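Take a look at this one chain, the form predicted alone, written out in structure tokens.
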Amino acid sequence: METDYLVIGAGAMGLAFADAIHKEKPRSKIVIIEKRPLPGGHWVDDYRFVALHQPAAFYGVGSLELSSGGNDLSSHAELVDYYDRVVKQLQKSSAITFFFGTEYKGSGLAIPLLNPDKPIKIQVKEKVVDASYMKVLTPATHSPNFKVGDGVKFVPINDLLDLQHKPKRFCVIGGGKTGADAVVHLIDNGVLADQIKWVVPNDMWFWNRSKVQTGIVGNEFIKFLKAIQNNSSVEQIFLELEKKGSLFRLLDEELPRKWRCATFSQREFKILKSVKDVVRKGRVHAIGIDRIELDNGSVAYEEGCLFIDCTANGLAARPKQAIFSDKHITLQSVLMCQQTYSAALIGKIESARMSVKEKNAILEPVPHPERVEDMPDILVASFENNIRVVKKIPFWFRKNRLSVGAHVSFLNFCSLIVKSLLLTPKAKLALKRIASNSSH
């Protein structure tokens, strides 16, 4: 078969891109291939009590509302249903074809998993779009990189909803968003804080979710930009943001080394603080019949303990690739921790009458942050991308529901643009000062 665009992956980014291309170029043929039997990417495999940790108002695809508006956080069930509706909406067009349960092998060859003897050969006229480059992993599709001894009760976080008997103790392995979600879920469902051991290889900063809401998140990004401009070290930046109420940390006496945009409410953070048996001895090497072996020693655990695996790296930092080439598009974030907005924006820029060089000059990839040192550079690059976008396609930035600019008044929108134009060059200069201080 023949198509204009071949999209590899029907997850959040692939569908946001396809939706944007279809809106801008409705006559273009689009084929979307997905290995899973359902749309939604990692949401299909995620634990059922997961929820968005950003407002649903600017998540999903541009043409279909995800929530009733406001600061609603969509649940796993709502997200799976939403992406089913997205596919049904796109399938109304004869220009769009989906192949689920199908693996892409490259060079236009796709293999149906249940019918491998009938391969699909696709001729691509415009571009192949890689929507799988970000490689989102979930506990259900990930194998731990440490040894688990025979007889150890070890399950992914997904299995918490299917427990038939309550264990005497729980041990959560993983200090990221998933591990924190597991702790909150257990305590919300009657497990006492002193029944939980929590293995945290590296502490991370938590983003105060009340600051990351529709109408005000733009000002929050400006606050981050000002903190970069005002300080001479990464540590000072995070301490200023903590003082202003944007960030939380579990240990008052130690600065976290991780920053991954994980948001938590003040209620959830209070729950996390209630767990006192927190193991900070680095990463797990092995779990034996009565001890946990870690980078910096070992700890014993009680008989009857159930281990909860939360070690999958949901969004690993990937090397930057040029987004556009003559025959290929690699979907990546262009705004810090905003994947669906990024994919839709890439679709919009792809539809414009510009050369590949001009398109790449507008959008610079910003890898997902992992360390605190990543945040300043990524945030400044995000603002530079948005400034170029506003200059090129201001109406899209103002009206597309995935954009922060669509959820503020026109006066606030103009204020955010002016502040961005004034502060971004100063923050970029500050990056050199911060880099120089960190090297000494």
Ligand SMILES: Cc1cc2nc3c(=O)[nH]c(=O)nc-3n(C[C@H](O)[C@H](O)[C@H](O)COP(=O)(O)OP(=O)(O)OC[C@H]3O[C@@H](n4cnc5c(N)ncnc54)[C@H](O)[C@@H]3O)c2cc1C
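The numbering used is simple: start at 1 and walk along the sequence shown. Only a predicted model underlies this, so the values are computations on that prediction, with no experimental measurement involved.
This next part talks about the form predicted in complex with the named molecule, which is not shown.
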{"property": "The unique member of 408, 31, 381, 50 whose heavy atoms fall within 4.5 Å of the named molecule in the predicted complex", "result": "50"}
{"property": "Contact assignment for the named molecule in the predicted complex, among 172, 344, 228, 131, heavy atom within 4.5 Å", "result": "131"}
{"property": "Partner-facing stretch of 237-245, 184-192, 103-111, 265-273, counted where any non-hydrogen atom is within 4.5 angstroms of the named molecule in the predicted complex", "result": "103-111"}
{"property": "Contact test, all of 14, 35 and 315, partner the named molecule in the predicted complex, heavy atom 4.5 Å", "result": "yes"}
{"property": "Interface membership of residue 41, the named molecule in the predicted complex, 4.5 Å heavy atom rule", "result": "yes"}
{"property": "Any non-hydrogen atom of residue 362 within 4.5 angstroms of the named molecule in the predicted complex", "result": "no"}
{"property": "Close approach of residue 196 to the named molecule in the predicted complex, 4.5 Å, heavy atom", "result": "no"}
{"property": "In the predicted complex, residue 366 touching the named molecule (heavy atom, 4.5 Å)", "result": "no"}
